[in-house]
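The data below hold one chain only, encoded as structure tokens and taken in the form predicted on its own.
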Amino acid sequence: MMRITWRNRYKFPVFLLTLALLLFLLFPFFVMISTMLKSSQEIYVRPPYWIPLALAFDNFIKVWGEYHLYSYFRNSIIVGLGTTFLNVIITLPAAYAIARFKFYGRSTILYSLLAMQMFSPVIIIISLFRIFVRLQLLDTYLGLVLANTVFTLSFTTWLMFGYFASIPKEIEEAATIDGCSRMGTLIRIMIPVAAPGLVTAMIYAFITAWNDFLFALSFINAQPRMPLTLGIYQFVGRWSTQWEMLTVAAFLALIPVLVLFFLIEKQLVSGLASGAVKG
């Protein structure tokens, strides 16, 4: 007779609880899929039903073509890639210098970077707006790139600092003996070794810029410069909301992020784990 252990006794209830929690978390996605496949007439039927009577795939064509969702995609990609590039060229030398050099104020810089993550962008949005007006950066890609870089740079620098600090100094010393300069060591040795952490930092910067709404709403008024988040917001009207179009646009906006995550899942987990090492 099999002995009933604590694990066997509670395995099935735990499974049911986990399944119920999973269904609860996935229910909003089910509602989104159900809504985006309905026509505008079906959405406002009372009482509502979850399964569409006729699948309205033309909603995708209308959103992409008639509502110019492709232009919003293009703008978000430009801002995301620009933010990622600017983070990389600033973060790498900054994190490397903090991890390897001992200088006055080093701890202050580290804790300041950590403290910056605690503040909301709302606090300085008015100041940023006035600065961008003076610099003529409103309604420009550069303005959004700079704004997003300001609020992603602290995390990416802290992450890469932890990764560089975890790399043994003997690797650099061996490169120096072979005649490699400090910059050459960073480019040829440190960056390849720290590739998982760098990928994590790049993905974080890109997704943060991709999902940004506050800066886009504050600094962009011109339709041709609007990113995807503002493009989706256009479906929310004063008197009514085009729910079928809004859910289609939201679903399409999720696809690049999900694809990107599945492509670099291993590097992302490795980079986060290694970046958590205290220097």
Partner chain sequence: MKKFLTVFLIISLLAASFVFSAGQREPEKPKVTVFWALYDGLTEAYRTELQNAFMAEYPDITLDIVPVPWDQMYDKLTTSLAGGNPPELSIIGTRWIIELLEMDAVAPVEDYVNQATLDNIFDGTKEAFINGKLWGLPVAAGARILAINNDITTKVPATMEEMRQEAIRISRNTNKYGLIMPGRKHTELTDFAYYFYAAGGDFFEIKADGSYGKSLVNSPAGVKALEFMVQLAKDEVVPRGYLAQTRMEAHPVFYTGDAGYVMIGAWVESALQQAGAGFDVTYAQIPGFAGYDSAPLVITDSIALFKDAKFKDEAGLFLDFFYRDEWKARFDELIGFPPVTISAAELPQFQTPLYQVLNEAAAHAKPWPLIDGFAEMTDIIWDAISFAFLGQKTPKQALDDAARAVDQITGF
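Residue numbers count along the first chain shown, from 1. The structure displayed is predicted, hence computed values, not measured ones.
Keep in mind the form predicted in complex with the partner chain is missing from the figure; the text below concerns it.
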*When you measure heavy atoms, are 71, 193 and 206 every one within 4.5 angstroms of the partner chain in the predicted complex?*
no
*Indicate whether residue 146 is a 4.5 Å heavy atom neighbour of the partner chain in the predicted complex.*
yes
*Quick one: is residue 217 in contact with the partner chain in the predicted complex, heavy atoms, 4.5 Å cut-off?*
yes
*Should residue 130 be classed as touching the partner chain in the predicted complex when contacts are defined as heavy atoms within 4.5 Å?*
yes
*Report yes if any heavy atom of residue 135 sits within 4.5 Å of a heavy atom of the partner chain in the predicted complex; otherwise report no.*
yes
*Using a 4.5 Å cut-off on heavy atoms, which residues of 24-54 contact the partner chain in the predicted complex?*
40, 41, 44, 45, 46
